[in-house]
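Just one chain is shown here, as structure tokens, and it is the form predicted alone.
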Amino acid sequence: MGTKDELLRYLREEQGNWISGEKVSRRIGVSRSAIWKQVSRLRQEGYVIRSSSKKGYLFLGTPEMLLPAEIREGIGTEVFGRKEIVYFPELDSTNRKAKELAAEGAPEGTLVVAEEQTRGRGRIGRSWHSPFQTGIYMSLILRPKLPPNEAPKITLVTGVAVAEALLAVTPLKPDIKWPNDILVRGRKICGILTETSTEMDAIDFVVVGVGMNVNTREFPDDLKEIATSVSLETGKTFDRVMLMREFLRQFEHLYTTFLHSGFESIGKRWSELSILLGKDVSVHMIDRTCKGRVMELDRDGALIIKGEHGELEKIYSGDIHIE
């Protein structure tokens, strides 16, 4: 833990109380001038800290920002949110930056977070509406020891983690729409973009991007009828950091389960949360459209669809619409 993080933890412990510069210096083990430099850095990040030549420092509060120290505070994970967190007030795309870092050798668990994305991306080249300080825009680097054909299941694991996080900290009842959307009352509240880099017959890295509408109150005209947010659904403003911590806890647990025990238990939970099972759908693929009723999610993570003439077909990718 660096000097700044140690200082922040101590200030949190003493929130609302004045602490002399000498006492802080002894506690952290650095000079008073070094403490002052770190206090200045914390203020620049948005932390509210008063100072007095006679009284010392008074910590008054934390910013409404997805800062690394806030994410780590009490997160309770082993890796996710505990490794390197790369934070940006503004970024074109967290997935683009995460792929860049992964190609340079960044370890599993490296997290890229932005308060705003100027070119946020979804599947099939779509954009993701990412206004400043209203949502969670993050990408996580994974390095699973899996064959490439197992990589698509990571999207499904992520979807279950998002749904479980929303169930844990909000009153919402989310539905998963295969392969990568989380809906509430039929409107999209979260999207997932998973991008994989392979070498020979192994995965080099996977970047999992998550865009979640938390406190977004307004959407562009083309999204008003299909998108929603936690705030719009509940009428309340939610703590983005708390929701992000919960997602990272859920995702680490499910990802570890997937690697060590396989996909079966996660697939069952996915099916419980799915909005598609038993529904008539059309799936638009690159070369054709498939219509039928969704029967189940198989062990490979594919949708089993019963066609108009009773034939069963496995669907591994496509753009799906409920009829």
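All figures in this text were calculated on a predicted structure; none of them were measured in a lab. Counting begins at 1, following the sequence as shown.
Only in words, not in the display: the form predicted together with ligand BTN, which the text now covers.
- The stretch in contact with ligand BTN in the predicted bound form, judged by heavy atoms within 4.5 Å, is 210-218, chosen from 197-205, 210-218, 249-257, 165-173.
- In summary, among the residues L193, V230, L142, V157, the only one with a non-hydrogen atom within 4.5 Å of ligand BTN in the predicted bound form is L193.
- The listed set I71, A102, M138, A161 contains one residue whose heavy atoms approach ligand BTN in the predicted bound form to within 4.5 Å, identified as M138.
- The candidate site formed by K83, T110 and E115 is entirely out of contact with ligand BTN in the predicted bound form, as no residue has a non-hydrogen atom within 4.5 angstroms of it.
- When ligand BTN is considered in the predicted bound form, R121 lines it closely, a heavy atom lying within 4.5 Å.
- For the chain shown alone, T134 is not a contact residue for ligand BTN in the predicted bound form, no non-hydrogen atom being within 4.5 angstroms.
- Shown alone here, D181 lies within 4.5 Å of ligand BTN in the predicted bound form, counting heavy atoms only.
- Ligand BTN in the predicted bound form is not approached by K177, whose heavy atoms all lie more than 4.5 angstroms from it.
- Shown here without ligand BTN, the chain has S93, T94, N95 in 91-116 lying with a heavy atom within 4.5 Å of that partner in the predicted bound form.
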